[in-house]
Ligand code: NZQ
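Consider the single chain below, provided in structure tokens and representing the form predicted on its own.
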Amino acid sequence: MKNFEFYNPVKVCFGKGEIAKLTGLVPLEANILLTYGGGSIKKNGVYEQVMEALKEFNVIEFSGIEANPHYETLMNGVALIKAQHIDFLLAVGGGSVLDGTKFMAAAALWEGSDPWDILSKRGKVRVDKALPLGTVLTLPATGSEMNGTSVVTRWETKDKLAFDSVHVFPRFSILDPEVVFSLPRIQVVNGIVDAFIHVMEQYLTYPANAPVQDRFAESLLTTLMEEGPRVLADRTDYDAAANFMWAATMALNGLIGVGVPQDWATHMIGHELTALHGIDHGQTLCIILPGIMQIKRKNKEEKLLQFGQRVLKITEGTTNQKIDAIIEKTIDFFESFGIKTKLADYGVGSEIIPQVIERFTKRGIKAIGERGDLTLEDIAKILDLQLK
């Protein structure tokens, strides 16, 4: 196991009725900016619960944060924060609202010349401070409610980039599984596969003698494969919704990723498909992961076989036969939800290959993956493999 530091300061309030606890979680004297998306929270009762809990507080609203939150929209929020002297942000929504709010919290106190540098110069500049924020989660998927990471899209240039900072960890996050009851099917499906692949990118690398992390990861993968179909079969199954929600949070709160190699290539390539063609984030991951598993089957052989044996119960055949079965069964899992795993299914052709390679090249990226050996040529092969 590698050396590591683990830090996660987020207070989680989990269960039905927990939104009422907002009253004691938000500073009474705070000027609060309530952020949310397209208004679904006003249809499912969440907005009413939030405003009831905050009826004694000074609350200003900022709505319209998009799926894949737009930098341009978020900068309007930053202007509002400064004009209204906001000193606490409350994000009510799914991962996009939470990510967008984290960016606004950092950008509002950014002292550099251009807040886009927070994203475009990740690793070269550092976020040293941010406004405090809390969250009320309405869509399990990204784990943003319990981590310090944010992904933002600049619509003007069609760039989808991420940043991370300990300063944008939420002070608290409220997770009420009942919000799952009213979610559209496609949002639940995307949430299941997003969480599943978050786990895979911290697990499907190479052995690091980290049995605790491996067993945690395998339990999350098994839970998502078992509980995901239950949630979709009966959206009002509270226990299934609760298990799904907590698995999605645990998938990316840092715990299973400590001391082990990580491979975020699926997300990095998938982000380009969303930025260029607007394909749902979860769907892009289901397109790319099987291609990576195929192209890097030798590099990932030991962990692929471990995943196959422990999670998928695949034990028969030669090594290649088992890996073929593992990839096929993973694809079957995605497609059981109705997700297509080929680019042609989304109207995308071979033109995507030079587009993605050019964008990686412009950012100075030559190779990615847990070993730093998934080259631009490999990325082209993955996209070509996943065309149709």
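The first residue of the shown sequence is 1; numbering continues from there. Nothing here was measured: the structure is a model prediction, and the numbers come from that model.
Keep in mind that the form predicted together with 5,6-dihydroxy-NADP is missing from the display, and what follows is about it.
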Give a yes or no on whether each residue among K296, T341 and G372 has a heavy atom within 4.5 Å of 5,6-dihydroxy-NADP in the predicted bound form.
-> no
Which of 236 to 244, 165 to 173, 68 to 76, 314 to 322 has heavy atoms within 4.5 Å of 5,6-dihydroxy-NADP in the predicted bound form?
-> 68 to 76
Taking 5,6-dihydroxy-NADP in the predicted bound form as the reference, which of Q187, Q84, S219, Q309 has a non-hydrogen atom within 4.5 Å?
-> Q187
So which of P27, P354, G39, G347 reaches within 4.5 angstroms of 5,6-dihydroxy-NADP in the predicted bound form, heavy atom to heavy atom?
-> G39
Does the 4.5 Å heavy atom contact test between K300 and 5,6-dihydroxy-NADP in the predicted bound form come out positive?
-> no
Does N44 reach 5,6-dihydroxy-NADP in the predicted bound form if we count a contact as any heavy atom within 4.5 Å?
-> yes
Is there a non-hydrogen atom of L131 within 4.5 angstroms of a non-hydrogen atom of 5,6-dihydroxy-NADP in the predicted bound form?
-> no
Can T149 be called a contact residue for 5,6-dihydroxy-NADP in the predicted bound form at 4.5 Å between heavy atoms?
-> yes
Even though the chain is shown alone, can you say which residues of 167 to 193 have a heavy atom within 4.5 Å of 5,6-dihydroxy-NADP in the predicted bound form?
-> V179, S182, L183, P184, Q187
